[in-house]
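Next comes just one chain, in structure tokens: the form predicted on its own.
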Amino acid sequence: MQKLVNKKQKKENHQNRDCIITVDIGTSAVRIFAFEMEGAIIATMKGFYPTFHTQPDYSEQDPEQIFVTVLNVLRNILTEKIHPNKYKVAAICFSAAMHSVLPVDKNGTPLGNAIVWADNRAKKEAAELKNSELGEKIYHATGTPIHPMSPLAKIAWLRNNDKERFASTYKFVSIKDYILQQLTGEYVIDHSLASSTGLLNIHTLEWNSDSLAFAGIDGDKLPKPVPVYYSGLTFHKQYCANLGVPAKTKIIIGASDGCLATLGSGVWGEGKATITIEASGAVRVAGKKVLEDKKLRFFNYLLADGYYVSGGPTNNGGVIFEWFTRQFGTFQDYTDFEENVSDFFKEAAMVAPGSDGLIFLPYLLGERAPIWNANARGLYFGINIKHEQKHFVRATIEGILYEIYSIGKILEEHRSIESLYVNGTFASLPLWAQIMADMFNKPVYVNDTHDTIGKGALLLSLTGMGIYKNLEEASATIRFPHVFLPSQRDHNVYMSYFSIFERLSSKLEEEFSQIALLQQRK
């Protein structure tokens, strides 16, 4: 009889298991995870969408295509993995890439494509603001470096260069805000994502008056800022039916991808930094204090509970290696593309550190930290007759990581860093992790959860639901089973070449500007 009771109880427990869904709206894809409450992954799915570069410095995405992709992938993971296995959705938490701007009309209809983080068209507006006292004042109030990436500069560009669209805009929203508005009918933005716009005062958590004046808008042109734990949204009825979820399903607004990647990496407190390399990349630290940098080089974005995630971003992360593979690989479809990437990694591993004197500046999309030069361009330097394809592969990887190192180098002027914790599709690869360990001359730790954005969204959700008492306790649950130790010999080699990389990045500033001007005249 007892065995029958236990069997029945196990069946009931199986039928009543809770789960949390995390939705990360990234640059090239949406990645959706389903987690058990204890953190085990139930399932994951993703869907892709393109970025359009219709002119030099332009990077745009179709918001409706992204929304349909998000909806379809969310429905598929629910109908194929969650509902059949009798899981109950305890919460759905959202995260997204930062710095996108989408003008919408009063019906919520997009007025053209969304302008994404890699877009550099607002160079003039950003340069004028950066070289002024107002720019410094805005930076210290908002924590966002003055650069064409920021929605602040993008909205100012629309005001100056697309007056009709600017005048027709009811709200300026991010891609994540747009998707949530479509699903729920509400215009809200979480404090974390809002803190990356250059428009939110990170000290008062209100829209910054100086920023609004520069952009030429009032606060009512923006969504309402709310805490990252905010769960006051509800799905429209048609999406409840489409997704097969109850109307009372908890929606947690979540945070920005960068802040959640830091949380999901378990990086908390002094002596630790995280490196993320997906399409773009960043070096980040977390703490209770804002990094006060006189050269305005770092971001200071909010996560929650008075914690700031500070550091520097690069435009040129994994997207650059993907570019290299598309240009020089041989493939017919996405499967072949993945094989080409793998083959290139094998080639790179055959080349000694330093690529036999071949150096790559990876600035194909301009650059943010540490040079903050939207006009920067890419360059292979030091080519000689003995260089083969494998040298170019290795130099491309090293160039991306020299840029990462240059961010970490100046970050150490403000915070001590004793160990690195890496995440993302590219940073977690053994070859990349070892090169970073050698460049930084520090141990590099990798956990088994490469997608730390999803893990961070889970930890945020569990904290908001009271499972963890705070984010520090949540982050302490992350374990790091893999470590890459540095080689002093290879570190010395990299530093010799890095000094050339750094000088080239500085010396070519005038040439970067000249070639950008020639492109604009076409």
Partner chain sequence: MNQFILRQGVSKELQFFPHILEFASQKFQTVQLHSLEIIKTECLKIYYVTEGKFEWMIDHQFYTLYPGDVALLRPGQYFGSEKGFFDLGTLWWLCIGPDNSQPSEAMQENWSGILAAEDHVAGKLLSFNHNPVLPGFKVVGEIFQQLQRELFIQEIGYRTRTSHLVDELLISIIRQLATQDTKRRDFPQSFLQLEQMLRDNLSHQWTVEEMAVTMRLGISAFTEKVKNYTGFPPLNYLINIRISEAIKLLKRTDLTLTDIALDTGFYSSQHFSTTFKKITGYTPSRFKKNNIGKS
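Everything numeric in this text was worked out from a predicted model, so none of it was measured. Positions refer to the first chain, counted from 1. Here the rigid core means the biggest group of C-alpha atoms that line up within 1.5 Å when the two forms are laid on top of each other.
From this point on, the text means the form predicted together with its partner chain, which you will not see here.
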Among the candidate stretches 476-484, 60-68, 492-500, 461-469, which one is within 4.5 Å of its partner chain in the model of the complex when only heavy atoms are counted?
60-68
Although the partner isn't part of this model, could you tell me whether residue 248 comes within 4.5 Å of its partner chain in the model of the complex, counting any heavy atom of the residue?
no
In the model of the complex, is there a heavy atom of its partner chain that lies within 4.5 Å of any heavy atom of residue 345, even though the partner is absent here?
no
Check residue 87 for me: does it contact its partner chain in the model of the complex (non-hydrogen atoms, 4.5 angstroms)?
no
Report yes if any heavy atom of residue 50 sits within 4.5 Å of a heavy atom of its partner chain in the model of the complex; otherwise report no.
yes
Find the only residue in 219, 353, 329, 227 having a heavy atom within 4.5 Å of its partner chain in the model of the complex.
329
Heavy atom within 4.5 Å of its partner chain in the model of the complex, from candidates 434, 242, 441, 447, belongs to 242
Residues in 161-184 that come within 4.5 Å of its partner chain in the model of the complex by at least one heavy atom, in order, are 178, 182
Once the two forms are fit on the core, has residue 344 moved its CA by at least 2 Å between the shown form and the other one?
yes
For a quick test of reading the superposition: does residue 389 move by 2 Å or more at the CA between the shown form and the other one, rigid core aligned?
yes
